[in-house]
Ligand SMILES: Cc1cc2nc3c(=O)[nH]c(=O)nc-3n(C[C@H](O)[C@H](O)[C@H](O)COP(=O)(O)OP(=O)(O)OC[C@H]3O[C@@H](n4cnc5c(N)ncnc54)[C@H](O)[C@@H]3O)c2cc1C
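Shown below, as structure tokens, is a lone chain in the form predicted on its own; questions about how it binds or moves come after it.
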């Protein structure tokens, strides 16, 4: 059913800047609610950047609402436990009281969202970059073309041009640690005896600070997150310094040998962005453009997708877009703010190394059910 602008009588239109998880989620959800939607991706093709990704109950419920859950469940993995090691000895195993969670490659999730967007008729434009927007509902493209819409969604990442062109007040900071994220073959037989279907968060503080987040995505692919301080030239070097990683994690040598072959590896420092507001007039910011966060709680994508999905819920027929956006931010932002703050604290203090750190507060965002708009899982 068409979603009609009460003043013009025409179907309401949204222009979405950015073809990542947040932008695709917003585009799909709005399209399902009867909007005409055009999505702009600056790259020449729609593809996922990065390696692996965790989705929790909140993100999985978004996928259910989008009609993409079944595709994502095929080819992804829920580990029996989230295990934490300190100096190669297990200190905790967490199962989150049955709270659903899933690991997958970023490309697997992205492909499912792209497929769903196309099936619904979202107008996808590649090589189309948004360079500016204004609160009145106009967006300027790199070509100089200006497009008008009832809603502008800025989902164009941590360096958002939509955000910066309007002048949202922001605080940004970078932490002392960073990650090299890689997808390698599972090599399960070569690893030998062990609970290699688990997520294993492996920490070492001596003789140097190094961490590997071992995350199986499916039967064939493994997501490795290699953490080291930015001040450590060997731990942060890419391609990875095989010797320094094998010395600390010798039992993962078969996987690390594969990791060392990846010449396109990238070291990224943890980055946080906090804005005074996510909305201005007819413009809404979602994902990293609004709330980039440290990955300690694995909720960057989950919060982005929940917020983008919730945006479509609050833009009901007959309501003013401007008023709806203000109400949306008021309703949904506090969850993200608390998650972002705790995730930053965990990253700064390397708190996950202690084990058993997925407390009720740490799982607050994960427990939220965006379809029912309630916390639907016991603590």
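Positions refer to the first chain, counted from 1. Nothing here was measured: the structure is a model prediction, and the numbers come from that model.
Beyond the structure shown, there is the form predicted in complex with the ligand, which is absent from this document and is the topic of what follows.
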{"item": "Listed residue that, although the ligand is not shown, lies within 4.5 Å of it in the predicted complex (heavy atoms), from 83, 221, 111, 129", "value": "129"}
{"item": "Contact at 87, 202 and 249 by the ligand in the predicted complex, all three, heavy atom at most 4.5 Å", "value": "no"}
{"item": "Contact segment among 190 to 198, 235 to 243, 297 to 305, 255 to 263, judged by heavy atoms lying within 4.5 Å of the ligand in the predicted complex", "value": "297 to 305"}
{"item": "Contact test in the predicted complex: residue 270 vs the ligand, heavy atoms, 4.5 Å", "value": "yes"}
{"item": "4.5 angstroms heavy atom contact with the ligand in the predicted complex for residue 368", "value": "no"}
{"item": "Contact test in the predicted complex: residue 179 vs the ligand, heavy atoms, 4.5 Å", "value": "yes"}
{"item": "Heavy atom of residue 161 within 4.5 Å of the ligand in the predicted complex", "value": "yes"}
{"item": "Contacts with the ligand in the predicted complex - residues in 140 to 158 whose heavy atoms fall within 4.5 Å", "value": "155, 156, 157"}
